[in-house]
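Below sits a lone chain in structure tokens, taken as the form predicted on its own.
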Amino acid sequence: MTPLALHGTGRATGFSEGSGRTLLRLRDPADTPSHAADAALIRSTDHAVMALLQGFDTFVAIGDSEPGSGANGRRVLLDNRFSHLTPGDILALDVPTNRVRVLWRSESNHNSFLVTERCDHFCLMCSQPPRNVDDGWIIDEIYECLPLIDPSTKSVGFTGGETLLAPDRFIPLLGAVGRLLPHAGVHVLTNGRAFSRAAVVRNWAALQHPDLWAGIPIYSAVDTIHDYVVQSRGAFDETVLGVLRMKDAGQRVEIRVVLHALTAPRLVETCTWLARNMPFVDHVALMGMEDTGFALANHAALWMDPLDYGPALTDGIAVLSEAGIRTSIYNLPLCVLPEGVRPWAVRSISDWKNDRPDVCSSCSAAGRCAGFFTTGKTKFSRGIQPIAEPVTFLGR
């Protein structure tokens, strides 16, 4: 299993000397370009001819296709690993190095922008290990990307690093998202500590976005366990204060609990604490661990077969459901879950890093299963097996 290619090296010609990082929006060669970033997606010689007739002067060709030529023609050749690209996708091309990154996939429901690689946590299972780098340019690039996205898009996510390390820059960006993508639900992953500051919550709430969510982790009801998992003393207290301030301001909050050997054994206690102290949160996600990044380095301390925390998952969901808290299970294949909690499971793993092994080919529930991460080194539960009977879902 390999992730979908979202970055790599191409071959770019025809770009002006001194060109740096350039955004390209892929278009059908039969369309008419309407923006300076528009580039015809070429898969054949006929496509190249058609694109020239339509007035394109930028071409992105896949595989052995001839990218075309013409006055001031800019050409990018990508290998067949990028054959999944479609019109509407947005690429960032670093001209000096020929490096290409896919920023947006028009046919995906899992588009997220990485806001920064910096973070004030060093979570033991972090799938995107933080780096102390100056990457403020990323927000500028997202601003540049937003007008290129179909305004009818239904969802967009933001992740990090810690998205709210620079709230004075990030929150205005969310305002731009609301204006340019008025139909999109917005989900922001954040450790929530910035919300302990009243001004940050006030500015967030002032956006008055109708479908803006903050996904905030609380890994344990025990403050020292949470702080140990995130490797930051005092994180629990600031996170809880942030959640309380956000809900006091009427904002949508999702609590996220990643399940591994340090958190799963006390899951029922954590769910009970949430039910008693935060019954007003909008959603709780109980999540399987992505075995990549820091999770690989800490594998021996973190790995726990989901079969072994199945009873705790059953009891935890019962507690949350009785409290009236909307709850879902993310990132865990159906066959490792107790039958009683399978209706709470969601196909949550992003399509670009989601696959399933051959053993799943005869499973009656394969089309509704979360599948498996293709990133890192997948550790398979001893419970992986096809499901013979259909599974009823809750429609989350």
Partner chain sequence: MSRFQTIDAYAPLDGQLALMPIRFERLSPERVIVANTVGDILVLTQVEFERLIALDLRPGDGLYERATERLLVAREGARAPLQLLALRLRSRMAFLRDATALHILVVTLRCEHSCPYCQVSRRNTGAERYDMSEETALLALEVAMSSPAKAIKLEFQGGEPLLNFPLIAFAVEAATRMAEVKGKAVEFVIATNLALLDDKILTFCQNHHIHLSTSLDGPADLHNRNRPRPGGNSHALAAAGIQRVQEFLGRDRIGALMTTTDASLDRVEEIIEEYVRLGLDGIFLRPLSPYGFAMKTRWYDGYDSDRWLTFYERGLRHILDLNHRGIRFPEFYASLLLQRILTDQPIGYVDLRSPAGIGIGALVYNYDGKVFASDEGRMLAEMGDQTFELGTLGKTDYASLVTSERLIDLVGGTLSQTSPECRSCAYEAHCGADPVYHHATQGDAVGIKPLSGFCSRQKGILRILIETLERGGRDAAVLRSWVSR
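Numbering follows the first chain given and starts at 1. Keep in mind it's a predicted model, so treat the numbers as computed, not measured.
One more form of this protein exists, namely the form predicted in complex with the partner chain; it is left out here, but the text below deals with it.
task = Quick one: find which of 91 to 99, 157 to 165, 105 to 113, 264 to 272 has residues within 4.5 Å of the partner chain in the model of the complex by heavy atom distance.
result = Looking at the partner contacts, the answer comes out as 264 to 272.
message = Can you pick out, from D120, E117, E141, D237, the residue that has a heavy atom within 4.5 Å of the partner chain in the model of the complex?
response = Contact with the partner chain in the model of the complex is made by D237 alone.
inquiry  = Please identify the residue among T190, Q251, S232, S127 with any heavy atom within 4.5 Å of the partner chain in the model of the complex.
reply    = None of the others qualify; the residue that does is S232.
query = Any chance all of D223, Y228 and F294 sit within 4.5 Å of the partner chain in the model of the complex, going by non-hydrogen atoms?
reply = Yes, each of D223, Y228 and F294 comes within 4.5 Å of the partner chain in the model of the complex.
Contact test in the model of the complex: R276 vs the partner chain, heavy atoms, 4.5 Å = Yes, R276 lies within 4.5 Å of the partner chain in the model of the complex.
query = Looking at the partner-bound form in the model of the complex, is L241 within 4.5 Å of the partner chain by any heavy atom?
reply = Yes.
inquiry  = Taking the partner chain as it sits in the model of the complex, is A323 in contact with it (heavy atom to heavy atom, 4.5 Å or less)?
reply    = Yes, A323 is a contact residue.
ask   = Looking at the partner-bound form in the model of the complex, is T86 within 4.5 Å of the partner chain by any heavy atom?
value = No.
query = Does any residue in 297 to 317 get within 4.5 Å of the partner chain in the model of the complex, counting heavy atoms only, and if so which ones?
reply = Residue within 4.5 Å: N298, and no other.
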